[in-house]
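Presented below, as structure tokens, is a lone chain in the form predicted on its own.
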């Protein structure tokens, strides 16, 4: 992978992704961002090569692409970017930090990132274009749908099912065997002990 990975999104999440990519022994080709005023600048020493209008050209010039736009709540932007790439034959890379623990009996979908100190245990399946953020625990036999974000320090108990497009906030706990419907938002610090339908919005009580 001599050319390196193109990062799509040049904000705060991209900075964390750069550290993960470096730890995995991969090179960064450069970044793009929807804000054209960022072009010509850099993020952690890597050049911002273009804006979204040059996405496909730069993706094909690189050795691979990773969506590094963050996700708080709905994944609309990340989904749109993923679909744009894949519709043109560009399959985003999956990357795991050197400090993450991903079981060889687990599977990580294309375009997903497993960040520092995260655990993905045996039998777990993570969909495409997901973020398993710093220190998150994804226990055995969990199924996480496409385009989900499991935020920092969240704990997903064994056998949990999380529907596509969902967000599980920092420090949230999903109890063993629970199912969370698609496009749900589980706020930071929530404890979920029973099944939730699609489009659930849960906020921790004060």
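Numbering follows the first chain given and starts at 1. Source: prediction; values computed, not measured.
Missing here is the form predicted in complex with a small molecule; even so, the following discussion is about that form.
For the three residues 101, 106 and 120, verify that every one has a non-hydrogen atom within 4.5 Å of the small molecule in the predicted bound form; reply yes or no. Answer is no for this spot.
Can you say which of 106 to 114, 75 to 83, 93 to 101, 121 to 129 gets within 4.5 Å of the small molecule in the predicted bound form, counting heavy atoms only? Partner-contacting stretch among the options: 75 to 83.
Considering the small molecule in the predicted bound form, which of 60, 27, 176, 34 comes within 4.5 Å of it through any heavy atom? Here the answer is residue option 34.
Hey, in the predicted bound form, does residue 166 get a heavy atom within 4.5 angstroms of the small molecule? Looking in the predicted bound form, residue contacts with the small molecule do not include residue 166, since no heavy atom lies within 4.5 Å.
Whether residue 38 contacts the small molecule in the predicted bound form should be assessed with a 4.5 Å heavy atom distance threshold; does it? Judged by the heavy-atom cut-off of 4.5 Å, residue 38 is in contact with the small molecule in the predicted bound form.
So, residue 149 and the small molecule: in the predicted bound form, are they within 4.5 Å at any heavy atom pair? Yes - in the predicted bound form, heavy atoms of residue 149 and the small molecule come within 4.5 Å of each other.
State yes or no: in the predicted bound form, is some non-hydrogen atom of residue 8 no more than 4.5 angstroms from a non-hydrogen atom of the small molecule? The answer is yes: residue 8 has a heavy atom within 4.5 Å of the small molecule.
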